[in-house]
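A single chain, nothing else alongside it, follows as structure tokens in the form predicted alone.
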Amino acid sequence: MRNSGVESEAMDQLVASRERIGPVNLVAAEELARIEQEAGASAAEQAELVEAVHRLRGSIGNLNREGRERLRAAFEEVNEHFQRLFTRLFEGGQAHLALIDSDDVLEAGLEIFAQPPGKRLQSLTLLSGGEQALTAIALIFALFLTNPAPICVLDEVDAPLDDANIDRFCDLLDAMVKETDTRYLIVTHNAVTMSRMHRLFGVTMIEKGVSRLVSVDLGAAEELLAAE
């Protein structure tokens, strides 16, 4: 009888333990398989994302490397043209471009150094207004020689120049017309500059509030005058 009591007590404990566990989940195996499948898919997606990040970083590195090479090559070509055009405009002297503030060309700044005839080499900001204008013209044309564009618009770049420098500017402009296929549109109020152009366009106001566009083909006018 004593053994029966002990066995009954043990049985009651087991039953109580089972009750505390709760009801049996008959779909637990299926849920486990689904969760394991989702975990596997998440791990695969994570691996793909990590691989994509590595590829993206590699692509960025290649682009930066190619960008540095192309920028360095373009800079050297522009600098070469700039040096030649500066000397031509000033009839002497020297100038050059320099990358500053960083050894990385993608992050470096640009400084323009110029030495007109009879002066020491100095930064562009220390030059006179006319010297700055001529230096800027040399740089603009250097860019167009490196990478020509269909149209170049120059808005009163000759305003700070005296007559002698205007002649040099117009001489260089004539050379650029021959060396490139670019059409140059010059906005100017200077009579010397206008006399050196191929065609003139002007806006007049024949009456208040009414504007009229007029044009003169200087080349044709010269031929007509020569024929007469």
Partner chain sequence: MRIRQLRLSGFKSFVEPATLRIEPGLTGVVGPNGCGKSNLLEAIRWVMGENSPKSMRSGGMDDVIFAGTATRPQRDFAEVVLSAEDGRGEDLEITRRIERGAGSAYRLNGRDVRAKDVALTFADAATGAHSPALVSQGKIAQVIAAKPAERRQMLEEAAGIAGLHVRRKDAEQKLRATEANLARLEDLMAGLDSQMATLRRQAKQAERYTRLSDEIRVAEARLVFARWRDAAAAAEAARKEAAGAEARVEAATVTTREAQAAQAEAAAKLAEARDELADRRDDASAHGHRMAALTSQLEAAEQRLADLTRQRERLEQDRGEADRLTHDAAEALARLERELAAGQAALEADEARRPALAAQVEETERAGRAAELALAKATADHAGVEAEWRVAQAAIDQAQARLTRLDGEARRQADTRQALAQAGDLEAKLAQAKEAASSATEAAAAMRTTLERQRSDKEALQVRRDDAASALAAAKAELAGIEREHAALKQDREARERQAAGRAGRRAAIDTVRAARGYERALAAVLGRDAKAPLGMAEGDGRFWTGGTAPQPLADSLLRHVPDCPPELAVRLALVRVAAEDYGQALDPGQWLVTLAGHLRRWDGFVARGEGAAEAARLEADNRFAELSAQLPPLVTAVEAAEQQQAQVQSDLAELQRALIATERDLAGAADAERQALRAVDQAEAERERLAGRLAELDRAAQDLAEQRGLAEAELETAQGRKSALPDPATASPRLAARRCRHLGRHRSRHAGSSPGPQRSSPGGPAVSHGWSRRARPGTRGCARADHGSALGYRRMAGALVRSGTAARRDGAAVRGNRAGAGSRRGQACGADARDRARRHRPRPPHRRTGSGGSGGCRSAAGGPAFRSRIGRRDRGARQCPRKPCRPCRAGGERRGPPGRDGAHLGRAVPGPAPAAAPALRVRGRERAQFRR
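This is a predicted model, so every value here is computed, not measured. Superpose the two forms; the largest set of C-alphas matching within 1.5 Å is the rigid core. Residue numbers count along the first chain shown, from 1.
Unshown form predicted in complex with its partner chain; subsequent notes refer to it.
Put simply, I166 is far from its partner chain in the predicted bound form: not one heavy atom of it is within 4.5 Å. In the predicted bound form, its partner chain lies within 4.5 Å of some heavy atom of E31.
Its partner chain in the predicted bound form is not approached by Q122, whose heavy atoms all lie more than 4.5 angstroms from it. Residue contact with its partner chain in the predicted bound form: V157 places a heavy atom within 4.5 Å of it. With contact defined as any non-hydrogen atom lying within 4.5 angstroms of its partner chain in the predicted bound form, the contacting residues in 108 to 124 are A108, G109, L110, E111, I112, L124, given in sequence order. Once both forms are fitted on their rigid core, the CA atom of D162 lies less than 2 Å apart between this form and the one not shown.
Taking the rigid core as fixed, one finds a CA shift for A44 of 2 Å or more between this form and the one not shown. With the core held fixed between this form and the one not shown, H189 has its Cα displaced by under 2 Å.
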